[in-house]
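Below, in structure tokens: the form predicted alone, a single chain.
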Amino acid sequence: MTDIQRAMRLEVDSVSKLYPSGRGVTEALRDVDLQVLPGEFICIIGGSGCGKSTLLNLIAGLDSPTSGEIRLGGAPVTGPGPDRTLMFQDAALFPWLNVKKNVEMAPKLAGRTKEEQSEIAQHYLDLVHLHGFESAWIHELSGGMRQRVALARCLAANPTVLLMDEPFAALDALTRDHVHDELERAWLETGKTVVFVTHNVIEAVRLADRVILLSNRPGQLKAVWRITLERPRHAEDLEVAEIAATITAQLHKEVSSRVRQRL
């Protein structure tokens, strides 16, 4: 690991999270340790309720750990910041603005000039292959195109870390594969660090440098797979399917243990 990589990495250090609940206290995460290098693409998987989205929200600074610390570039994460952008399953676009104006919103909030806003927005719209749709209204777009606009807007904010919470879960398989290509292209060009939460194991293997499995609640680091397959990868690739099958078997074992505990 180089000094630059060490200085710019994302660190999750012994992070636990407790929530008050009707039954007292719910322990969402317990002693999670994770280090992500600059430019790395990791996918986090696990059963429902294991704390995947909780961990993403903590990294985003939308919530605080009960114990432990999250650091980016050595600085503690104490709240939201421009160095982290979170993309949700819902594209969350502004329907009263056209496509380009939606993307321009990110550099506008960063204080860039109108000329810079336009240039930045156009660059990222071109990157996700939406040239020609700049003046379209959000209701005129398909689900996949809306997510590409949302991705362009996130990238236009120029974050160090792009956080993605099941952003393609609502898309059909064919559209999702196409958007995967767009995301991978954008990631390779920009060199952003990506932390991606998904239930879809094929999606995780298709995209990630590493796949992280969280245990049943309270979520703990259960297993890690380093994916060394050459890029570009595709969902129908035999090697992708084989690795996904191995991970899925471990995931099913984890989910089954939770079911047995409830019986």
Partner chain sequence: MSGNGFDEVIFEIDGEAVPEEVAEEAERISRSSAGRGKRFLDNALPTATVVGTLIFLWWLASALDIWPEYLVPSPATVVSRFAEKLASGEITIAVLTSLRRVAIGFAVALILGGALGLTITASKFLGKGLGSLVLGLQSLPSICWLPLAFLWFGISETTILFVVVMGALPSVALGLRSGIQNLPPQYERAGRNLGAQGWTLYRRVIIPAALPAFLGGIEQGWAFAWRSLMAAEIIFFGLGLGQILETGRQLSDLALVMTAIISIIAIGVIVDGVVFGAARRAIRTRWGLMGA
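Owing to the predicted nature of the structure, the values given are computational and were not obtained by experimental measurement. Positions refer to the first chain, counted from 1.
Omitted here: the form predicted in complex with the partner chain. The next part is about that form.
**Student:** In the predicted complex, does residue 57 have a heavy atom within 4.5 Å of the partner chain?
**Tutor:** Within the cut-off, so yes.
**Student:** Hey, in the predicted complex, is residue 92 touching the partner chain, heavy atoms inside 4.5 Å?
**Tutor:** It does: once the partner chain is placed as it appears in the predicted complex, residue 92 has a heavy atom within 4.5 Å of it.
**Student:** Verify the contact flag for residue 153: yes if a non-hydrogen atom of it lies within 4.5 Å of a non-hydrogen atom of the partner chain in the predicted complex, no if not.
**Tutor:** The answer is yes: residue 153 has a heavy atom within 4.5 Å of the partner chain.
**Student:** At 4.5 Å between heavy atoms, is residue 191 in contact with the partner chain in the predicted complex?
**Tutor:** It does not: once the partner chain is placed as it appears in the predicted complex, residue 191 has no heavy atom within 4.5 Å of it.
**Student:** Given the stretches 122-130, 179-187, 75-83, 166-174, which is the single one in contact with the partner chain in the predicted complex, using a heavy atom cutoff of 4.5 Å?
**Tutor:** Every other range fails; the passing one is 75-83.
**Student:** Enumerate the residues of 217-256 that have a non-hydrogen atom within 4.5 Å of the partner chain in the predicted complex, in sequence order, or give none.
**Tutor:** Counting only heavy atoms within 4.5 Å of the partner chain in the predicted complex, no residue of 217-256 makes contact.
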